[in-house]
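Coming up is one lone chain in structure tokens, specifically the form predicted on its own.
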């Protein structure tokens, strides 16, 4: 293993320390328990958004703390869910009196711990709602989930919902918006190589020199199929068509019902893409793929979308939700409406995403 680290046990802490001194105008890092929060938190009267997950996916989530996105992020150890006490203390730190929205990726550990944190926060008088992101079309169930995994749409939800809170949306309205973003987003990824977790020091899984894993998860979970390597155009077509051809489907999720004061099962419907839809096209590096290769993928993605009468009106290209040093990429398509477009374009200033300020 060759990595720019000191000791594996210090990997997350030292990375956060470096981040804090690099962006003191935007963020602060709290330790014991660990969370990252906006320097101007709490913002009185503003709904606060808190997210989190295992480290190793940077800049997700800590790199998106700041104006127009997250108010706080809770990093766990590498590929390990943060704990409820992290989430609770982060919520208490950024609560401005208008409530907290937890944005939760669909992984079993994240779901369990965020639900516990929701109940703990509410017991202390803090309004909390949480919305699940489950946009990965690769597999229905995986090693870490019941149902589809939460991947690239998480980035888009944090941006759009973060802008909404800056514009004064109340908690229920932000939660409804986040749910709508999730229902309109779909993602698919591919790995060319494995990643190496510092504490382990060896690749998480083995791929042959001429093999790729189609439908990989962000922790190295198996995908749909292991196959021989293809050209960039073929890979882009396969990823895009897996998303475009994904049919409408319904599923049930658990959400907190404020009126009943309990967790309830909610049936939701994802609608397939249709001709004429306006979309945001997000091409994401898994960590080890250079921007030049992502543009080759995006070039072909544009052609595929045009062929299927999908209008790309916004895009995002780069390493925003990674898997350490994994070579590979993912594509996310999000069906946009006018409200989402306006919120996407709204100013944002975080360590890793910024425009309009």
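For clarity, every value in this text was computed on a predicted model and none was experimentally measured. Positions refer to the first chain, counted from 1.
There is also a form predicted in complex with another copy of the chain; it is not shown, and the following applies to it.
Would residue 67 sit within 4.5 Å of another copy of the chain in the predicted complex, counting heavy atoms only?
Answer no; every heavy atom of residue 67 is more than 4.5 Å from another copy of the chain in the predicted complex.
Does another copy of the chain come within 4.5 Å of any heavy atom of residue 335 in the predicted complex?
No, residue 335 stays farther than 4.5 Å from another copy of the chain in the predicted complex.
So, in the predicted complex, is residue 235 in contact with another copy of the chain at a 4.5 angstroms heavy atom limit?
Within the cut-off, so yes.
Residue-level contact is defined here as any heavy atom of the residue lying within 4.5 Å of another copy of the chain in the predicted complex; does residue 229 satisfy this criterion?
Judged by the heavy-atom cut-off of 4.5 Å, residue 229 is in contact with another copy of the chain in the predicted complex.
Residues within stretch 324-344 having a non-hydrogen atom within 4.5 Å of another copy of the chain in the predicted complex
Heavy-atom contacts to another copy of the chain in the predicted complex: 324, 325, 327, 328, 329.
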